[in-house]
Every structure is written in C-alpha cells, then in structure tokens.
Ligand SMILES: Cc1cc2nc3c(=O)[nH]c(=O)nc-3n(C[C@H](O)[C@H](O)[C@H](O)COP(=O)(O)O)c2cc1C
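Okay, so here's just one chain, in structure tokens, the form predicted on its own.
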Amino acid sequence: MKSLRNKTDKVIQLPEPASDGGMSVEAALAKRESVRHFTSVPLTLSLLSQILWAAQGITRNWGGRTAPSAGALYPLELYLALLDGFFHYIPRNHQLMHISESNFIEDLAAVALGQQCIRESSAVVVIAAVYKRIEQKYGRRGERYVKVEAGHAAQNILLQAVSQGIGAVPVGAFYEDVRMVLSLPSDHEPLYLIPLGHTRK
C-alpha cells in the first residue's frame, strides 16, 4: 500500500466500497476463523476501505449503516492503527481523518497483554463506544445495546476480512490504558481491538 504518512491532507478519501463480492455469506461463515499470525505485507487502501465500510458504512440515504443500531443513534466510533499512523473513520463521507503519524501497534500490543497477533498485524481496527449518545434515550439499558451493536460491527469486519482473503481476530483482553495510549476523547471507551493482516501459513 502506498504510505499514508506522506499525505499532507488531513482527510483521506477512501476508495468506493464494493457492494457485490465474489463470496457468499454462507461461504464466509464457513471459512471464518480466528487468525493470529500475519505476514509483514501491508494491506491496500481499497481493502481497508472495504473493512471499514463493512463495520459502519452508510447504506441508506437517511444515514442507515451496515450494522444495526438501537434507535439509529450510532454510538460507535472506529479508529484505525497502521504502521503509517493513526486514523479516525468518518462514515458520512467514507473518509479517514489523519490523527497522528505515530505507529501505535506495538503500544496496543503492550496494553493488550502482549498479544502477538496485534504485534504482527498490518492494521488494528479499534471499536470505541460513546455511551451518552444512546443513554440519553435508553438510560441504563443503553450500555447493553451499545455492546450488542459492537458485536454486530465486529462480526461484519471478520466476515468481510474472510471475503477479502485476509485474516482477523477479535481481541477483548486489554487494559483501560488503550484510551490513554491512543489519546482518545474521554467519552470514547474502547470495546474491541481487531488486528488484521495477510495470514502467515
């Protein structure tokens, strides 16, 4: 993949995602497995575009997304850690907002109990929750709804990864330091780390 680090633009327009792939849902389900060993080959921007769209891409004119959300309140935020830097996904325009040139992958591995799957990955998707968006309507039930939604988004990523021929694994074992390591806003609570990469045989 062409390095994103040298881009001067703060906002990077992602390639248009495909809505018609060559693998059926049934085939993706049958082939899905947790992959924890990756090669050093980077992921293309087109592939990353497809992964992010699968998780939170907009599919309806009114703003509906690929993953269902209670009350269509969409409390999830996606971040992308690459060797080239750290980015925030903007579903509205299918764009990446460049946040930092730092490579946080090693730091993420450290706060995720030293898991090698993160250390070896080419990219890590961070799914974070902004609870106040949904709790204003649903109160205490909102936390449960957010976590259900995060599961939907994560599964979309895992199935899309299979259909694109790459490996992925959902990681939930990490310390609260993830927010501090990535300098996320105080109301963004990380729920999932999903390392991605080409599978090492």
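Given the structure is predicted, the values throughout are model-derived calculations rather than measurements. The first residue of the shown sequence is 1; numbering continues from there.
What comes next is about the form predicted together with the named molecule, which is not displayed.
Of the heavy atoms in R133, none are within 4.5 Å of the named molecule in the predicted bound form. In the predicted bound form, at least one heavy atom of G172 sits within 4.5 Å of the named molecule. At a distance threshold of 4.5 angstroms between non-hydrogen atoms, R144 is out of contact with the named molecule in the predicted bound form. Mapping the unseen interface onto this chain, R36 counts among the residues with a heavy atom inside 4.5 Å of the named molecule in the predicted bound form. Not one of Q56, F86 and R179 places a heavy atom within 4.5 Å of the named molecule in the predicted bound form. Heavy atoms within 4.5 Å of the named molecule in the predicted bound form are found in one stretch of 133-141, 26-34, 63-71, 42-50, which is 26-34.
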